[in-house]
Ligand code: GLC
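What follows is a single chain, given as structure tokens, in the form predicted alone.
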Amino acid sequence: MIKYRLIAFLAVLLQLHCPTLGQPYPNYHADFVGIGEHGGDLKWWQTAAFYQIYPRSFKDSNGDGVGDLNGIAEQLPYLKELGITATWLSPIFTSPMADFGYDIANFTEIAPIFGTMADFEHLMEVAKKLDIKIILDFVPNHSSDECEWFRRSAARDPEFKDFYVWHPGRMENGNRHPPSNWISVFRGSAWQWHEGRQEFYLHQFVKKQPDLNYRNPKVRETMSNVLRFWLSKGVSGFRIDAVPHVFEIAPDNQNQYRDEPRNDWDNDPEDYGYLQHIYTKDQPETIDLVYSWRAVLDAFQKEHGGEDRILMAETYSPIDIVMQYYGNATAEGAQLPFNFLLISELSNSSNAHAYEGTVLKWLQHMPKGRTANWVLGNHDQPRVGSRLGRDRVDMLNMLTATLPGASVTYQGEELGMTNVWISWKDTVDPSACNTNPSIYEQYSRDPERTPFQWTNAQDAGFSNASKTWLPIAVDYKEVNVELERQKPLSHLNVFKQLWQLRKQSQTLQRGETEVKALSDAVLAVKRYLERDSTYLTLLNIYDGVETINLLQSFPDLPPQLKVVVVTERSQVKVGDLVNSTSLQLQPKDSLVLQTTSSYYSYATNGEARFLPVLGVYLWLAQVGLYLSNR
């Protein structure tokens, strides 16, 4: 009897010396923490999986060789299968397609090649049923030269006279020249002479894309009304195209524009890189303009209710400028200024230290309280498998799924689709067409825009047309949704497993982050959260077998970790326990590991709560001893 009472006394004493592990019954509720107390409720977009659809290439429903809205609606359940939160659609508006929809003739009308407004409304209904949010592409820098606004501006209509950036040019020795030396992104002068108006207009992209004049308040209000129109249709936000270009420097007191200085490293005077774009990009007014668009979205939400409507900003700018798009002390900006560092700073030869530096660059610059995001690819960049290697597709999807914040996946990256070689004859991208057959490949974006690969049937299941708008990849019979669904460790299924884990894990949604290069070859991302499991993502970036001691870098880890996600390169299986002191990674291997939680979870009053496992054992021991002595 005395022995039993002594054991019970020691158990109670242990609990008293370990207050963080639990409290003795009956006051155990004092130390319980609900999930909601880990920093409050998250907004839908803060941990979202975004998926970019390039409509021309996603799914053709009517056999014309071009994807369309009904094709998207038909295949939207596939996005649900992936675990996607929201999809961003590249432009679907009326356009002569000089730049495949980024030259808009009517900002509130659906392009016939994609369908009708009724088709769009049907897509919205399908998306709502599937709980997938729709994000539209907002193209504010320019319109098409076939836009009614431009036609009326060229005709000097008083309402539209200053809607665009016009200038009579410079007179030198009796000859008229463009107002400045500014160069278009798509080569050549950024100024185009208009015979009707007898003036030059600015176009930072192709000449059929005249720049809007945001120094005119009427332009700003008109474009804000475009946002309101689509918000009223139920969209959840906008991706803002080419944000840094929206403002250019104002003319001086003599109504002249300043020339931009040269770059010594570029000797082609027609090439965009020939100049330093200090007067045509990243002007301070641009930041405030984005803040004003955020105010439009917030005002709409205040009036109509519902969840957050968001802005995602395309910002290939220096990091200190990108961070300003988040907002400041007095104004909110874009919830997600796009993080392109994984695109711009990593190459096929980057080592783990470069990966670490790239990830930390964003996290360390990001203002407190803001949400990170990770973009691996888009319709303007070579595909991940072509840029960083086919054998790194899984590890990169693993990286973005387990880093904090939101991620953006370009259609097909979940399958491991790669760039397709396109001949000069089949090239349609204006960026390439404005060059010549000897150099077009370095400018073309067609290779990453080819049709999505659904099956091994004709046209990869994308269309039943005799010819698609771009050629189908030659490997479509080996890389497609239908086939990859059947392979447990295909790129597709690894992607699905990652996002299923992400949605189930409070640590991956809310936890702290530690990023370390364990060697030149191995990158580790540790995610941890008080009273929840810790996760460790490991990437072996190179071709050698790597053996690592995790406790040297993370001494608080337990001796063993459980494997929760693997790839086809892994020798371990899901559910295996691995030793923290001697873990072997195969070439280009990647894993997600998990600690066994030291807390027992239960529900009370509709809330999830946590009790330390050791505390549970001690309490049960006390009860057992008490009952045995009755």
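Numbers follow the displayed sequence, beginning with 1. Keep in mind that this is a model prediction, so the values were computed, not measured.
Separately, the form predicted in complex with alpha-D-glucopyranose (GLC) exists; it is not shown, and the next lines address it.
Q: Going by heavy atom distances of 4.5 angstroms or less, which of Leu227, Leu212, Ala154, Ala242 would be at the interface with alpha-D-glucopyranose (GLC) in the predicted bound form?
A: Of the candidates Leu227, Leu212, Ala154, Ala242, Ala242 is the one lying within 4.5 Å of alpha-D-glucopyranose (GLC) in the predicted bound form.
Q: So which of Asp380, Asp475, Asp520, Glu146 gets a non-hydrogen atom within 4.5 Å of alpha-D-glucopyranose (GLC) in the predicted bound form?
A: If I apply the 4.5 Å criterion carefully, the residue I get is Asp380.
Q: Although alpha-D-glucopyranose (GLC) is absent from this view, report whether Glu260 comes within 4.5 Å of it in the predicted bound form, heavy atoms only.
A: Glu260: no, not in contact with alpha-D-glucopyranose (GLC) in the predicted bound form.
Q: Arg445: heavy atom within 4.5 Å of alpha-D-glucopyranose (GLC) in the predicted bound form?
A: Yes, Arg445 sits close enough to alpha-D-glucopyranose (GLC) in the predicted bound form that at least one of its heavy atoms falls within 4.5 Å.
Q: Can any non-hydrogen atom of Tyr355 be found within 4.5 angstroms of alpha-D-glucopyranose (GLC) in the predicted bound form?
A: Outside the cut-off, so no.
Q: Can you check whether Phe200 is within 4.5 Å of alpha-D-glucopyranose (GLC) in the predicted bound form, heavy atom basis?
A: Heavy-atom contact with alpha-D-glucopyranose (GLC) at 4.5 Å: absent for Phe200.
Q: Looking at 387-395, 546-554, 295-303, 202-210, which lies within 4.5 angstroms of alpha-D-glucopyranose (GLC) in the predicted bound form, counting heavy atoms?
A: Looking at the partner contacts, the answer comes out as 202-210.
Q: For the three residues Asp99, His142 and Phe186, verify that every one has a non-hydrogen atom within 4.5 Å of alpha-D-glucopyranose (GLC) in the predicted bound form; reply yes or no.
A: All of them do, each having a heavy atom within 4.5 Å of the partner.
Q: Under the 4.5 Å heavy atom criterion, name the residues of 305-323 that approach alpha-D-glucopyranose (GLC) in the predicted bound form, in sequence order.
A: Going through 305-323 in order - heavy atoms within 4.5 Å of alpha-D-glucopyranose (GLC) in the predicted bound form - there is one hit, Glu314.
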